[in-house]
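Below you will find one chain, with nothing else, as structure tokens; this is the form predicted on its own, and questions on how it binds or moves follow later.
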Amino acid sequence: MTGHVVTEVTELAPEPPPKGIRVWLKENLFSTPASGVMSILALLVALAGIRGILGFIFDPTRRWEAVTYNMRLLMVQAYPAEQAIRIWFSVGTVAVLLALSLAVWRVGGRTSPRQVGGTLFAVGSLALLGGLLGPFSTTGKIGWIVVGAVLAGVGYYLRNGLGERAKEESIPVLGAVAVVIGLVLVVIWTIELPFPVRDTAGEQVVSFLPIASSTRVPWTIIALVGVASYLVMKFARDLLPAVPTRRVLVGLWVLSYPVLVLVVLRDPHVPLDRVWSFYLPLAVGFAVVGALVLNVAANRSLGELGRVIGAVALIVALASFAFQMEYVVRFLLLAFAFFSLAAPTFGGEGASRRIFLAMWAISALLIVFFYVMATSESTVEVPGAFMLGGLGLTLILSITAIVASFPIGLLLALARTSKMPLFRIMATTYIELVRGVPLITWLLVAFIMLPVALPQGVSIGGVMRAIGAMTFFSAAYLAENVRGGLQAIPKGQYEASQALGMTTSQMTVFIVLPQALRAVIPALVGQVIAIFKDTSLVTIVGLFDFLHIARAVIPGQSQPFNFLGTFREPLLFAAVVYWMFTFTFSRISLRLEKKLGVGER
């Protein structure tokens, strides 16, 4: 017999014929007389809007020195300048973890010169348009026009001057990002910004000065360390086991937030005598005794004994709130109850059992450690009760509320879709009650009514009250988003899971929730963006967050420089910062949706 080699031919859709600018304009803007008129009107409105924005930003009477002078106040409020190294260390830690994650998960890929050219052409066109419409001097106009023309020309060449090579994905995305970072560093080291100074007569005037070295040097070091971390991990990732490396990185991300906030930024004064005499024995005792009990609860050969242990542990944990004891003991009992309930289903055998018990021991030690750090007195001296304000406080409020509301929202969604009437009624009541009242009302309840309801001698700081109100409010909305994903799962998935012998818990964790969360990624990201923006409401209750400083603090300054009544500039700067964060979240969401194929299958 004669062998035949079959070559599979992949048929590709024919590429559309090349179109010039005239064809594009005719098809998209001037296809009919009516569309042509509307396009011209829209263009005139856009040009007028751009001219108005540029006129506002570059108006000589604008007091942008109110923003540049108060940049530290906007970022961290009154954090001591002599301890600013703690803030830079925290930012650098996040940058290193981000760089390592980009390398391990191979984020980036390559892009084509055509796409890069399109971006450069758009940026250059906007710069060119700004130079023509902006209220600049002759030198300024020439500079904007030249820069815009160069960028637009380079972009046009990359799109149309390389022929077929323009379609090849030959440009590394992260390489282009590194180039942008380098250009930003060049700008930081060369740009001069307006700052208020006193002239020889003692009058307040504006002078253009370079950015302080205390800002330029840390940003440069952070950028270089981040790039170096990425290159090292990119070289080493193929030498390291993929799954353990990713798990370690995820663990570092999870631990970085409480460590940076509670330890690095707070610099707590830890009572070592109390640690050695009470906290350390407590943590070790719970870790050892709890591991022994969990080993029994995870043994399926003992029948229902494991579930009985879990039920008893939950009852004891809930009953602990009726007695006087250290809060850390209550937290440990609640954590042990959670592990006990999960042990019969997820305890496993052999190596899986040992990993489960190790997770409990580590959790017990971490609970005690972070409790000690959070309750120890901070050595950072600031005027208010919390060490950070400004954008730092905004990030702490939003990150904590997002992270804390996620598990609560999952439990509420599962309870509302449960077949048990008690859980379903309780979850429905909570969700409808919380969603029926605005967030600002719950913030006022937390700040005005909650202190009255607390037992005597118990007090909760303003930041913690704001976090609590935002967490429970966000959890109600998140629960409804997740419930929509749960209801979208076909019944066949449940039946297949039951046919494989899965328990209800295993089916929920391994089959149902991953599909439900994947289906509602756009809604979840929208919720994250909403939480981040809703943090601005704490300005109503007097917390010095980013918006409060821009809205009330800077316009009320009279010393050492007078910025009384300067509202527009700080508020516009705050709006741009909020937009930068929310736009980044939306881009990450689109990338995640594309990677997971949301809406495609």
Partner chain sequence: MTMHETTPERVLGDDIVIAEGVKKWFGDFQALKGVTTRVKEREVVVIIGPSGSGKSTFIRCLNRLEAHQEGTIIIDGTELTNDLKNIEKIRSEVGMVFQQFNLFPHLTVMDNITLAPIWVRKTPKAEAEATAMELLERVGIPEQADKYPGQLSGGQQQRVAIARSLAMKPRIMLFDEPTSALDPEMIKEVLDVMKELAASGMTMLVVTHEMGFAREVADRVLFFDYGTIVEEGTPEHFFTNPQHDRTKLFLSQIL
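Note that this is a predicted model, so its numbers are computed, not measured. By rigid core we mean the largest C-alpha set that fits within 1.5 Å across both forms. Residue numbers count along the first chain shown, from 1.
Form predicted together with the partner chain: not shown, discussed below.
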* Do A499 and the partner chain share at least one heavy atom pair within 4.5 Å in the predicted bound form? -> yes
| If you check in the predicted bound form, is F510 within 4.5 Å of the partner chain, heavy atoms only? | yes
Notebook entry, point to check: Wondering, does E192 line up within 4.5 Å of the partner chain in the predicted bound form on heavy atoms?
Noted result: no
Q) Could you tell me if G347 has a non-hydrogen atom within 4.5 Å of the partner chain in the predicted bound form? A) yes
Assert contact_stretch over 336-344, 74-82, 176-184, 270-278 against the partner chain in the predicted bound form, heavy atom within 4.5 Å, equals 336-344
Quiz item: Quick one: in the predicted bound form, does every one of R300, S352 and G492 get a heavy atom within 4.5 Å of the partner chain?
Solution: yes
The listed residue (S363, S376, Q115, Q506) that reaches within 4.5 Å of the partner chain in the predicted bound form by any heavy atom is Q506
Residue within 4.5 Å of the partner chain in the predicted bound form by heavy atom, from P407, P514, G161, G153, is P514
| query | On a core-based superposition, does L305 travel 2 Å or more at its Cα between the shown form and the other one? | reply | yes
Notebook entry, point to check: After a core superposition, would you say G163 shifts its C-alpha by at least 2 Å between the shown form and the other one?
Noted result: no
Practice problem: Verify the C-alpha shift of L120 between the shown form and the other one: is it 2 Å or more after superposing the core? | Solution: no
